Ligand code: NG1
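Before any questions on how it binds or moves, here is one chain, the form predicted alone, in structure tokens.
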């Protein structure tokens, strides 16, 4: 009996109608911090992910456990989903999934059934590879299965993106979409609001390797604040640029996103928009009071409508706008490069993306910089941070025949001197440094396949 199976039996007894479900992690090839601005991204799902062995109950209770001893058992009542766990608790992601299913009526609230579930994962924790969204997605699949329901993946991804924001980070929806809609052998070009996807084949001879900086990209309160601060900066940039261009900054009563001011939407070139941004923002940081005075929006209304952290925060609008606008153009070019098998062009775009994430979006760190420099020295065609940044991982594009020598060199030059840090993280070297294969999205695994358990 496997660990997943034996733990389920120990906690909940022999499963009735068990379902084995899986949701993958992801690596974002390019398109960082563009999704919540309405611009596209280009991620791919990876073979690592989160599995869940779940069985329906005949009442409205959800009981969850995890094979990783760092995550304790939790109980959730379906009639009390407004009661969250302490900030940062893993159960809040299960709770977010359940809320999303009910709010968007995938499962009727009346007579909804709960489930018992045990989760396990081969995704490194706090690595920036979307373990949190994989947990949200696989929890939603468990709840749907317990209630005999199914859902359109596009609609479900949209609902779960909204729902996961209740866990604290103002994400845009990339992670849920790639977890549900990924296709083996492909990256996925994802557009937003509304959600649309297009598979982009990964050409033969192009391989990707993940390198973990060993700096946790944890969703702590401080990390969420840093992430959400970038979101607020983009909202304010959109407000001020729309005002400068004579465009309604709150169509339908909602703050405009930067993608609504794109070249396609405005008819202006990237360079013209960059010039307009420099005229509108200047190079100095802004305060909320500055924005209030410029726009005439009362400060309390501005803070509420744009979810600003506090009136004393400083906002770097030109730099954030420049990153988002140029990164969106890089995503479009990268999709064409991959589809055309232009590996060197793809690598150059990844390098430019990393420089922009570092210099204009300010989400890198010394360890990520060291990894990128080493990767380029050891033959990577392109290397960049992946995920929100502030730690986590890099993704590196390599010719297929160089993967093994690249891994050996990175193990020697980065990880050998950090064996104590690696051990303290609970990871092995194979968890921190590994090739990633573009994989399918979430779904069910036959429980008769005992190897899958």
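The structure displayed is predicted, hence computed values, not measured ones. Positions refer to the first chain, counted from 1.
Not pictured, yet referred to below: the form predicted in complex with the ligand.
Enquirer: Consider the chain as shown here, without its partner, and state which of 286, 193, 71, 227 has a heavy atom within 4.5 Å of the ligand in the predicted complex.
Expert: By the 4.5 Å criterion, the partner-contacting residue is 227.
Enquirer: Of 38, 43, 387, 49, which residue is found within 4.5 angstroms of the ligand in the predicted complex when only non-hydrogen atoms are counted?
Expert: Spelling it out, the residue with a heavy atom inside the cut-off is 387.
Enquirer: Does residue 382 make contact with the ligand in the predicted complex, using a 4.5 Å heavy atom cut-off?
Expert: Contact check for residue 382: no, nothing within 4.5 Å of the ligand in the predicted complex.
Enquirer: Do residue 164 and the ligand come within 4.5 Å of each other in the predicted complex, heavy atoms counted?
Expert: The answer is yes: residue 164 has a heavy atom within 4.5 Å of the ligand.
Enquirer: May I ask you to state whether residue 174 is within 4.5 Å of the ligand in the predicted complex, using heavy atom distances?
Expert: Close contact exists here: in the predicted complex, residue 174 approaches the ligand to within 4.5 Å, heavy atoms only.
Enquirer: Would residue 308 count as a contact of the ligand in the predicted complex, using a 4.5 angstroms cut-off between non-hydrogen atoms?
Expert: No, residue 308 is distant from the partner.
Enquirer: With the ligand left out here, work out from 183 to 191, 72 to 80, 106 to 114, 125 to 133 which stretch has heavy atoms within 4.5 Å of it in the predicted complex.
Expert: Result of the contact check: 125 to 133.
Enquirer: Under the 4.5 Å heavy atom criterion, name the residues of 135 to 150 that approach the ligand in the predicted complex, in sequence order.
Expert: None of them.
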